[in-house]
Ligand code: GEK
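Only one chain is included here, represented as C-alpha cells and corresponding to the form predicted alone.
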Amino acid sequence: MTEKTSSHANTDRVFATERLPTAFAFDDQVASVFEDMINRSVPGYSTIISMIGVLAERYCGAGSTIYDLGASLGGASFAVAQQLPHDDYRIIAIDNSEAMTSRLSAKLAALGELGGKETSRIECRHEDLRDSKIEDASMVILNFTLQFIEPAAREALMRKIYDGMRPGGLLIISEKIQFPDPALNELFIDLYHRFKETQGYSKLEISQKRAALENVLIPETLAAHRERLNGAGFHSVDTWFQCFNFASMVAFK
C-alpha cells in the first residue's frame, strides 16, 4: 500500500524533530517538501490526481474553464492539462499561500521555456478563494482544500461555486473525513496512522503533525458534505473514492 512519490521531491522532515507546538501552515518549509508530504500522508493521493484528469477529459469540452481551488503546487491542474484532448480550455489555479503560488508560477515558467504548451493555459493566482470569482466553470476542483476553510464559511463558498458553474458542470471535493460512529472513527484514524508508518513517518512525526493540524484542519462526515452540496443546488452527489478517513466526492450542477 505504498504510494509512489516524485523522485525529485524533497523529503518531508518538517516534524521529524521535537518542536514547540505551532499551528500548521502552508509556509515555505512545507511548500518545499509538499509533493513528498502529500503523497506519503494521503492514501490514494496519486490515484485521485490521475482520475481528476480522466474526469476532466469526460466532462470538459471545448471552451471549458476549470478552477483548481487551493491548487498548492498544481498537481490537479497539471493532471487536467495533460489529459484534455483539445486546446480550447483554461485552468485557473488559486491558492492563498504565497510559498505555493511562487513555486507553481516558477514551475509554469520553466515548463513554458521547455515548450510545454499546456502550461500556457494554466493561470496561477495568489488570492483567498473565498474572495475569488467563479465564472462559467465547467469543472471546479477542491482537492483537500475545504477542510482548511472555517466551517461557518463553507456553505457560502459552495453556493458561490454553484452559481459560477455551467449547467452540467462537475465539482470534485476531496477531503479528510470523520465518521458518526466513534468506534469506526477511531479504527480508521488508527489505520491511517499505521499507513503513515508504512510510508516512513515516525510516531513523533505523526503525533506532532496531528497536534499542529488541530483546529486548522476540521473534517466533517460525508453526510454533512452531501447535505451542504444538495442545499447549494448540486445533484448526483456521491463518493467515488475512499480509503480510511480520506474520500473524494463528485457533484453536478
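Predicted model, so just to flag it, every value in this text is computed and none were measured. Heads up: residue numbers just count along the shown sequence, starting at 1.
We do not show the form predicted in complex with this ligand, though everything after this point is about it.
Chemist: Of the residues Ile49, Ile206, Leu222, Ala212, which one places a heavy atom within 4.5 Å of this ligand in the model of the complex?
Modeler: It is Ile49 that has a heavy atom within 4.5 Å of the partner.
Chemist: Answer with one of Asn96, Ser105, Gln83, Gln178: the residue that has a non-hydrogen atom within 4.5 Å of this ligand in the model of the complex.
Modeler: When this ligand is considered in the model of the complex, the option within 4.5 Å is Asn96.
Chemist: Heavy atoms within 4.5 Å of this ligand in the model of the complex: does Ile91 have any?
Modeler: Contact check for Ile91: no, nothing within 4.5 Å of this ligand in the model of the complex.
Chemist: Should Arg130 be counted as a contact of this ligand in the model of the complex, where contact means heavy atoms within 4.5 Å?
Modeler: Yes, contact at 4.5 Å.
Chemist: How about Pro43: is it within 4.5 Å of this ligand in the model of the complex, going by heavy atoms?
Modeler: Although this ligand is absent here, Pro43 would stay clear of it in the model of the complex, with no heavy atoms inside 4.5 Å.
Chemist: Quick check on Tyr59: any heavy atom within 4.5 Å of this ligand in the model of the complex?
Modeler: Although this ligand is absent here, Tyr59 would stay clear of it in the model of the complex, with no heavy atoms inside 4.5 Å.
Chemist: Just one stretch in 179-187, 69-77, 83-91, 165-173 has heavy atoms within 4.5 Å of this ligand in the model of the complex, so which one is it?
Modeler: This holds for exactly one stretch, 69-77.
Chemist: Between 233-253 and this ligand in the model of the complex, list the residues on our side with a heavy atom within 4.5 Å.
Modeler: None of them.
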